[in-house]
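Form predicted alone, single chain, as structure tokens, below.
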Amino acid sequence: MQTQNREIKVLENGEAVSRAAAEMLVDISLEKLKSTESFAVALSGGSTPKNMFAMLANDAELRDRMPWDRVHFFWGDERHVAPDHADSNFRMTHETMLSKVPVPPGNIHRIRSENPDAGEAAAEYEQELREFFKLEEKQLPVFDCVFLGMGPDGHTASLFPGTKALHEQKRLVVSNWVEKFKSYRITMTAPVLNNADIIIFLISGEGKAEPLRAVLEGEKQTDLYPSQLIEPTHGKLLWLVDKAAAGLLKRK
């Protein structure tokens, strides 16, 4: 299924989605590094990315091909917790992958979410993006690759239904109050995510079938289904979806 620069690939199961994503990251980074010095990727939390990270760390062929010393790792969002907290996206990625592979410490750009002030943590991360990408006043960073997931409520990154961050157009990173969790999340904004060269959604499980149908084939309701906000400005949008999650999509 392809619409303009959007492509949907349906794979057998979540394991296949994770493997396809891992192989894609290796291939994309190697290709891009033929013409540039470094490669910047924004990661997401969730079980499917976790499996992808485990494959990159534990599969000898993937690990040996990955140009770890030239890849810079960022996060699309983070919970407002310390980096050693069980809910931390950084902790999950570090334990599953980064602690097991030869990544220079300077290539790991985590959100300093232990800051008691979530707004300050967001501002600090925005400043880190501005410095890394050498941005002028109104410029957006261009990530080489962004990985995203989608929750059963249609959220992506920490852009949750009905939250203030959905309408942010100027900031790169914001703190976003999520009422159902009674907590802040720190998240890149939609304009930043949309400015990547390639955006890859990883979707698996029957629980994602209805929101996926609504996001891809339903009426445009971005306040209700924030994943609909993801529309690349120049790059490609790829949905890697397993059969269970794709169950309600119309076949073409």
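Note that the structure is a prediction, hence the values are computed from the model and not measured. Don't overthink the numbering: it's just position in the shown sequence, from 1.
Keep in mind that the form predicted in complex with a small molecule is missing from the display, and what follows is about it.
Undergrad: Please pick out the stretch from 94-102, 171-179, 117-125, 152-160 that is in contact with the small molecule in the predicted bound form, where contact means heavy atoms within 4.5 Å.
TA: Contact-bearing stretch, as computed: 152-160.
Undergrad: Taking 44, 47 and 79 as the candidate spot, are all three within 4.5 angstroms of the small molecule in the predicted bound form by heavy atoms?
TA: Every listed residue reaches the small molecule in the predicted bound form, so yes.
Undergrad: Can you tell me whether residue 113 touches the small molecule? I mean in the predicted bound form, with a 4.5 angstroms heavy atom cut-off.
TA: No, residue 113 sits far enough from the small molecule in the predicted bound form that none of its heavy atoms falls within 4.5 Å.
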